[in-house]
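Taking the form predicted alone, here's one chain by itself in structure tokens.
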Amino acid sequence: MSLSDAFRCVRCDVPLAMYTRLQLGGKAEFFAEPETENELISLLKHCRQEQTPVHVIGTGANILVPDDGVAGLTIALSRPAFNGITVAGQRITAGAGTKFGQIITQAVVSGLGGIEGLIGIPGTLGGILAGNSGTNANGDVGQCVESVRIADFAGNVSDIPKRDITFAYRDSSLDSAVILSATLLLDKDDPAELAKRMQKLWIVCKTQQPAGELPSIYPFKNPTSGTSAGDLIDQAGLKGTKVGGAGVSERNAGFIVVEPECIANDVVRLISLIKDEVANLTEIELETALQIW
């Protein structure tokens, strides 16, 4: 029995471009938006039994879907059961499908500081945690985590305290599970001061991103040497370089901008070109942060 026959929430041949920041890529063989945690667990158990590959997608802020699509099941935790925010004292708990910007805003309104410096980072809480997103100046989300509720790909649910989670630079041990929700432990602060700080940081963030309305992404990790990937790409003279419909931003060389005619393979080829050119010039191997499915 196929997934679409076994589960009402599963659809076949769903275009994934609309679920990604870059708006690129082919179709999901199967696509599900489970209504409840129990339905999600049943899906995971079924896929494990049938040896069906599983991918999880939020806003697709850091995902590149191949042009020929994705085999197996792609799950989006977009339903109310996986969204929502609860504040209790200095703790804020949110579902994995909740947009991270909404969590930051709620924290600021509630007088809770510690994540306002991450304003402008796109994505849902699940993706932000899995990739331990952050900024060089303001730290990363892992610093504020108290616990994370996960389901492994066999459908077993557990609550993991921070001490049992490995948070590294733009990486975590959570990428091998489906994140359901998380609790962040924050600091009490003045809401008005937090709001001012967040607004200033938001302005700074926007000035560092490509101008215009074309989709863009920062696909590289910054090297541990302290120099940003964008600076290295700029030094290599790659600003404005294009491969098909993908180009290096003229404003910030760390970003790749995609034009309407772009396909996913253009981005892959441009990333490869950038890596080669930077390595030849600086002997630094850029590491890709973008998840290429």
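Numbers for residues come from their place in the sequence shown, where the first is 1. In this text the structure is predicted, and so the values were computed from the model without any measurement.
The same protein has a further form, the form predicted in complex with a small molecule, not shown here; the description that follows concerns it.
Using a 4.5 angstroms threshold between heavy atoms, F31 stays clear of the small molecule in the model of the complex.
Put simply, V178 is close to the small molecule in the model of the complex: some heavy atom of it is within 4.5 Å. At the 4.5 Å threshold, heavy atoms of A94 stay clear of the small molecule in the model of the complex, well away from it. Contact check for V267: every heavy atom lies farther than 4.5 Å from the small molecule in the model of the complex. The candidate stretches are 59-67, 41-49, 240-248, 23-31, and the one lying within 4.5 Å of the small molecule in the model of the complex by heavy atoms is 59-67.
Site annotation in the model of the complex: the residue of I121, I104, L194, C144 reaching within 4.5 Å of the small molecule with a heavy atom is I121.
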